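Two forms, one chain: they're shown below as structure tokens, one block per form, named structure 1 and structure 2.
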Structure 1
């Protein structure tokens, strides 16, 4: 009865959170797996923020890795140069990314699909050059290091304290995903569903597409920047390597594999890709060949992404257990 009240989907989400919360105990604090899990949590947030933009608001953004990097550099540089404590530097990273997001959004959100992709990717490319060119401040290709870590008591948020760090990362993960979830189920999210289903009708009802897109673009840039700031505090470094094509491809593949516009598909995609990449590590040179081939194969067989598996499997289960019969009775 309780389950029925909060809805099946929410119950599943809660169950997922519970599993994530219990994992470190089940793994007996295995540092190696925990560090991979933390990476998956962070990529999961970035992929979800990106998906919010691309899957729900239908803004063809290629700039989220740039927002992520902006957030990371802001947090790292303010912490190092001005001695701002991590707890203030992390939100500051998010805010800076959001400001960039809004500026870029004002510039390009009236454009159509590919054109938005190009302008946002422009930010990505320009950022790379600015970081290398401004090496006196940004550290150039080497990046930013040497700032105070996020520390609580004797525990430091870093790969050396995986058990502690996992719960910090999980807390941030849950908070940010909750924000994304609320946006998807808010009037803004509904407006996007309306726009997707019937654009002329939605517009005639007074849905201001530009305004909503701008809001969502800003929020998702904020989340991307925030998680970027978390990333730099966890690893203790950010460098322009983050902007290279392989990582860009990986994050795109994460939320696309999970299922575009199917919350929480991006998170599932992030976990799958992160772990498969790790499992393939012994293949050395052949690692990314195998990863790419696996993604192609999976997509050709499950075109709607991993999140569409239940929908596609359900009819089979019903047939197998005779549920179809029950359904017919109900109707």
Structure 2
């Protein structure tokens, strides 16, 4: 039964990747929709990295948008100042974010719950202030523009070339999601879940809480910083606006909507929220009110997120088909 369940899940994941691969052809290269899809792929990776920390390890970090921004600024400014290609600067953005993640993890070793949230959100707030104050380097409130786009062979990763850019983004998305998936289904992921579900029992088996807290901070911050570096070399601009509360809440809503600790729920939530936000763009700031209403509705009616819907529907289907089968036998 477990093997069949794993096999079905892998088949569904492969089917999802196949659908994503065929979308540009089905959309006939529609530039606007492809650019929205590229944004959804990048937000999906960030939301999944955040979910790895909050959903699986149950470490209440509110600093992942800060790690994303650190990775973006590091990659962009390094590429510009040192003249290195974006392809070499992007991993550096991930490494820098991971270092900050480990430092924050060290500060949070003895903390729990809301106290970790306060420390990590403190990084978020301090970073925005530092960026604004360091305007000679960071561009201050207006940010920095004109970063060189990522180029792979003859293909340029830019909103101006959405068809080719989509496949580059999809490749990065698949690679990073595969890493997250492997971590979840590895001994490290098992330790995260054990500490989350039964901390005393996990500790009695020798699971080191401090070690795995550092690991989850380091890995999730690295992935967040890496996708932040990809983001800056796609859009060519970065500013402290990425740390504003509406964007913070938007990403938080993504993995909450998909289902906390339910891979790939964060990705599904990212796609839903990205497209809903785009559709509600004419409402300006009121679209965030609409998003809030969606979250309240999901929390009340589907507390496990969108990934819990099959589990909720399955008993009704079984009862319906079981009753039909009995009626056919009687007749």
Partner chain sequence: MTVSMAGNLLIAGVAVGAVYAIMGLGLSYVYGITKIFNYTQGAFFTWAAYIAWVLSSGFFHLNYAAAVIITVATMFLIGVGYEKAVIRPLRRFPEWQMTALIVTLASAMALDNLALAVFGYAPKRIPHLIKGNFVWGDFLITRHEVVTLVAALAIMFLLILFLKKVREGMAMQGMAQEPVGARIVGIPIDKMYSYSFGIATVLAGISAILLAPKILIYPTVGWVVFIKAFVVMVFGGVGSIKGTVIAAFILATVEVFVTYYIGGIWGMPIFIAVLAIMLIIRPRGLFGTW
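The term rigid core refers to the most C-alpha atoms you can superpose between the two forms while keeping them within 1.5 Å. Only a predicted model underlies this, so the values are computations on that prediction, with no experimental measurement involved. Positions refer to the first chain, counted from 1.
- Taken from the form predicted in complex with its partner chain is structure 1; the remaining one is not.
- Once you line up the core between structures 1 and 2, the Cα of residue 289 ends up 2 Å or more from where it was.
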